[in-house]
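The chain that follows stands alone, in the form predicted on its own, written as structure tokens.
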Amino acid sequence: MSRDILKELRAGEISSLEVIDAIIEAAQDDVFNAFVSLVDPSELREQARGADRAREAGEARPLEGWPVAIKDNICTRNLTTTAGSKILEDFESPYEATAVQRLRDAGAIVVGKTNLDEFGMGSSSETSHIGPVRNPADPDRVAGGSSGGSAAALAAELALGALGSDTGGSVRQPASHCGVVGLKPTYGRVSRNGLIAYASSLDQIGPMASTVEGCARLFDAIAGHDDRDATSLAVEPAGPGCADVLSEGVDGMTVGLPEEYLGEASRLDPQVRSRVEAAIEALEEAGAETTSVSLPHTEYAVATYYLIATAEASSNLARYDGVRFGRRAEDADDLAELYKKSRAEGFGDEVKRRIILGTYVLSAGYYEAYYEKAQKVRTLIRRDFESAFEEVDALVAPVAPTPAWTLGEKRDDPLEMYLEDIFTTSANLAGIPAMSVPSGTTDQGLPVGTQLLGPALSEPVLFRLAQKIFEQCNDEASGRG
């Protein structure tokens, strides 16, 4: 498909049916294992024809005819929602997630559900019960996680937009590894209604697209208060939508460079560092000023995240017992055995590992030593950001310390895998928006993203910064729309 596909759709230079036909043909050979399930081709074609008729009649909605992919831990009608887990392999949701419904209301066409790390627990999309997602840039490498299927679908042009979820970096990290744009919104800015819970105080649904503009248009469609989500923010930011401010530039902005993210002790791969530095130079050339800032509690972020996230996961996943929810084991002699066998057969190793850790830190005698202390450190991390944002409009940082690694390379070393989240977990702990924007590729052709972080509700600022980086660092991709 053309790199200008979204612009061509809006201009009527190509039909939605032509785009859908190309996606249907390409999806028949999903060598990247990006999808868990796909909508019937006849239904997709009928929706595309409807979008073309609306456009011809001058009644096109903001996302009319856009093919979008939905991460398979976000509920949809008429397709299973498995969360990448055997325990939910046949689950069909009786309702649709608010974010998905808002995409449909804006005219988008859902083409399928994308593969992921089981229940969103992973950094490589290798823990899915249907097998790993492969990176379109190099099929022998991971796509990142946990929203790897959404990122891979975009990179392989199997969709023009996607939804992922981000609990500790799960939108941004795969976006970086696959060379697409991904946003983790301010906590509460996008409804979590219909998102299968992993860690409820950290989870956020986020938009992903091949371009900054595409991501901004998706975000504008899904953001906003929702009465069905108790954590949804009731305050709506003033001013135009994010897609309307992309041309405003960055002249006069002040951007902070965190010492803990960019210093010599940050474990950064040299090629990742050079691409992030190129992004910083692009912002400086566009008129932004840069200054060094400190986030002193960054070194505790990964440990804090894995205590809080696993504790919440232990509680959230208790419902999957073979009775109330989830796959039921056969040949159990009593209720206790039914619980044990159903969960043992239904959950994968990584999910079991996190449930055990979370149960431990919540147990009597350890709650104060681990979980309560982690919540106190979380407050310190949030205050670090608040202090930094008194001086700067946004922060620039790496997304991940390395480019995508080979499949299986880190699966047997959980600690090494967890450390891949070192630059992303802090944003979730603080509840602030953060995004990944492509910043070029390594000498091996592997994509690298730059992370932008801002204060709560600063998504328009992040999109303006991202657009400049995208234009300057991705000359070949800058026309994609």
Partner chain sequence: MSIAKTEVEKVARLARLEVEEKRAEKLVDELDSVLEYVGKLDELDTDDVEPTTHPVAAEHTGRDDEVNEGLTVEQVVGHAPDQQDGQFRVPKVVDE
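All of these numbers come straight from a predicted model, not from anything done at the bench. Residue numbers count along the first chain shown, from 1.
There is also a form predicted in complex with the partner chain; it is not shown, and the following applies to it.
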Self-check item: Single option in 62, 50, 414, 41 placed near the partner chain in the predicted complex, where near means a heavy atom within 4.5 Å
Solution: 414
Quiz item: Taking the partner chain in the predicted complex as the reference, which of 359, 271, 290, 294 has a non-hydrogen atom within 4.5 Å?
Solution: 359
Quiz item: When you measure heavy atoms, are 299, 349 and 366 every one within 4.5 angstroms of the partner chain in the predicted complex?
Solution: yes
Quiz item: Any idea which of 301-309, 276-284, 128-136, 147-155 reaches within 4.5 Å of the partner chain in the predicted complex, heavy atoms considered?
Solution: 301-309
Practice problem: Answer yes if any heavy atom of residue 429 is within 4.5 Å of a heavy atom of the partner chain in the predicted complex; otherwise answer no. | Solution: yes
Quiz item: Using 4.5 Å between non-hydrogen atoms, is residue 35 touching the partner chain in the predicted complex?
Solution: no
Quiz item: in the predicted complex, does residue 187 have a heavy atom within 4.5 Å of the partner chain?
Solution: yes
Quiz item: So in the predicted complex, does residue 240 come within 4.5 Å of the partner chain, heavy atom to heavy atom?
Solution: no
Self-check item: Members of 313-331 lying within 4.5 angstroms of the partner chain, judged by heavy atom, in the predicted complex
Solution: 322, 323, 324, 325, 326, 328
